[in-house]
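Next comes just one chain, in structure tokens: the form predicted on its own.
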Amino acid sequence: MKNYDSEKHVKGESQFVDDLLTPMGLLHIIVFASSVAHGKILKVDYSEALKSNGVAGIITAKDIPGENQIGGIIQDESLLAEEYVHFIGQPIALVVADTILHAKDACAKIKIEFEKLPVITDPREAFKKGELIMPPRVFACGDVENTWKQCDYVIEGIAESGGQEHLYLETQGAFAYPLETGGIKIISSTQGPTQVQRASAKVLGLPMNKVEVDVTRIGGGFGGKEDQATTWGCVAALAAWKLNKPVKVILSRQDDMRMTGKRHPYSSDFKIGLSKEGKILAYQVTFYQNAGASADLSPAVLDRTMFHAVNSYYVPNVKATAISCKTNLPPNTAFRGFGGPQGMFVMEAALYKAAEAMGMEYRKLQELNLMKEGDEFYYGQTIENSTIQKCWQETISKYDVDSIQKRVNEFNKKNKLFKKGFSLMPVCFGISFTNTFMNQASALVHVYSDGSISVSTGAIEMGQGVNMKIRQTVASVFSVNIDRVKMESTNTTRAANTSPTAASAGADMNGKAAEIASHNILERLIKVAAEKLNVKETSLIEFRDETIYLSGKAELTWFQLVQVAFLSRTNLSSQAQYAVPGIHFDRTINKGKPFAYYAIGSAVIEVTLDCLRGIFEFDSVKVVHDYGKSFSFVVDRGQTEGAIVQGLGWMTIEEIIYNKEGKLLTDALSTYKVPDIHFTPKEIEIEFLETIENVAGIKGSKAIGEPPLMYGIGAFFAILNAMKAFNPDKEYKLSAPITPERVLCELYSENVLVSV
């Protein structure tokens, strides 16, 4: 049940890109990057840098043999800047030397002149100036405009959510070396090896079969290495190709924070209409996404926002508008939840303000509008096998939310400077890539003549336990000890045309592919066993605990059967593909069934706020979550706990700050606060909901990587409730993160006197 990688991590035996044994003559890259957020390059002088000790070469856009373009969804991102720069940290040149220190020293000697151009950091300003990544998109159903007049309450407002630094433990990096075949091999810290392969091939002017990408594991990703690792894979490949030497690039922590994109900040307008009973009749929302200087994954992230604009609620009339705004910041990118949290936060903010206006409890308004079995989302998918209501009611009853409310109220009556607050947060998150073609995976399984098993898939292990789940799946098919099963590195020569390990779909898709491949071999082994045991009825043969039984009697060991199969020249290898069935989406009308299923749950979060200092503590986070038929409780619980804390951090303390010139001010761990052991809730309780087997998931389970992060949204409203208990007359902003500094500024205004 445990994640076998954990022991290696603790012992320091796990190997990441910077740990690999490298050949003699290895060169190192330091990236010379833009120091201005927007400007025209007038002049660059590399002469002194080229004379510096140990320098093997300086590579610029002019040295690129193929295309200077690494954009994935939209072709708008150069690998190396040529005439213009669009954000601070944009790579201009690669300084390659025999040591990192020599490369740094040479980099400092480069002289550059810019003509500075206007800088935009705010998405609404970008929208006003027509600086867009792509045309706006609209999802709609019903008739919003004609419904407003039927509403007893119409509430409008603005909600803002900030960015978030990925802060993976292993920074961005890659190691590349030339091959005798005239190609390049790249060892990359990436969630998307095929994207690194594809982009590197384009940059080098090579076919994809000349570029091999290999990933053993990565030291955390959270979406930050889904697309942004591509730059550094291409950088290493380009330098190795040009100099015909092995080359490595490993970013320092500060360079990584400064040069890479974050979770997308959003500024959003909402309008919600309700009946006097509290039923939502209409919802209109406009999302202004801060994409940064180029598209990266922004269109796909905004897609996911649109699909989760109403969270777990049924709304008959919806109009959601998505605007991806181009600013002079590093291109923002995927982050756990992939746009879903931003959309859900706005919906919860709208409901919260509606509850205030109606004099109704927020949680009662939530409960009244939860989706039920057979309800249809505004994009056309009907929710089936829904556990939204069940998770909510189980949360209410198991954790006795009425008693929590009573305890909170009593505490607040007795205390002046400390206040408690609590809030509930339902989550309904679609599982699948929203681009249908990406919902495919492949696997290659070998059973060796000694009975050991090798598995290759397109999944990337980044600490989430995907390798463990796939090993368990294969071991269960053959009914052998899991120690017989070895996961190979993810390699583009063994698993081609892979989708990135993202969208919470990595275990499902790659596990299903490995399961199919294993069953192919199992069917052959059953035939071999039948011939060996001289029976025609294969249904009488059973594999159990490394033993083959005939009509309940043990006849062969696993090893003996494999030997017989090998000697009879039976194929003990299989490659298989899995394509998620039944999903489709028509983008001309924005309707269809984009998701294989939904991950569902509810949480109640309780906080205590020090109203004199603005600081807060999380007393508890209590969750009821639908895991399907979980077969890795330890892995799933660990993923849930980690996601919850990361979601709490995004909503409360992790604040990304750029100044007006586009310079990141929170570019180190001394200026950017992340959750630590003192921040962690005093109590995290997780209930695995008893539910039916999920046929779309691996071994009947449900995906777990992203959905629990959204429980953190409830923390914002729990803190807001505590603030209201202290100063109920204040109009509080719906702006996250709700840091202690912001709490303090919001709590106190001219009409507040505090008597101690």
Partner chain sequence: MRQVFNINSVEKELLLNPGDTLLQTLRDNGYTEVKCGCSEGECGACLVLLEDMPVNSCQVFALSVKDKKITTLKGIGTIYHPHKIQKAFVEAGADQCGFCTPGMVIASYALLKKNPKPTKQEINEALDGNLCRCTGYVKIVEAVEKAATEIASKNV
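None of the values given here were measured: they were computed from a predicted structure. Residue numbers count along the first chain shown, from 1.
Keep in mind that the form predicted together with its partner chain is not shown, yet the notes after this line are about it.
- Here the marked residues S52, D63 and L243 all miss its partner chain in the model of the complex; none has a heavy atom within 4.5 angstroms.
- Comment: its partner chain is not present in this chain, but in the model of the complex one of L167, C151, M134, L525 has a heavy atom within 4.5 Å of it, namely L167.
- The single contact residue among A357, A554, A668, A496, judged by any heavy atom lying within 4.5 Å of its partner chain in the model of the complex, is A668.
- Here the chain stands by itself, but in the model of the complex one stretch of 636-644, 71-79, 202-210, 282-290, 636-644, has heavy atoms within 4.5 Å of its partner chain.
- Interface residue remark: Y732 is not counted as part of the site for its partner chain in the model of the complex, having no heavy atom within 4.5 Å.
- G219 belongs to the set of residues with a heavy atom inside 4.5 Å of its partner chain in the model of the complex.
- Using a 4.5 angstroms threshold between heavy atoms, E115 stays clear of its partner chain in the model of the complex.
- A residue is said to contact a partner when one of its heavy atoms sits within 4.5 Å of a partner heavy atom; G12 meets this definition for its partner chain in the model of the complex.
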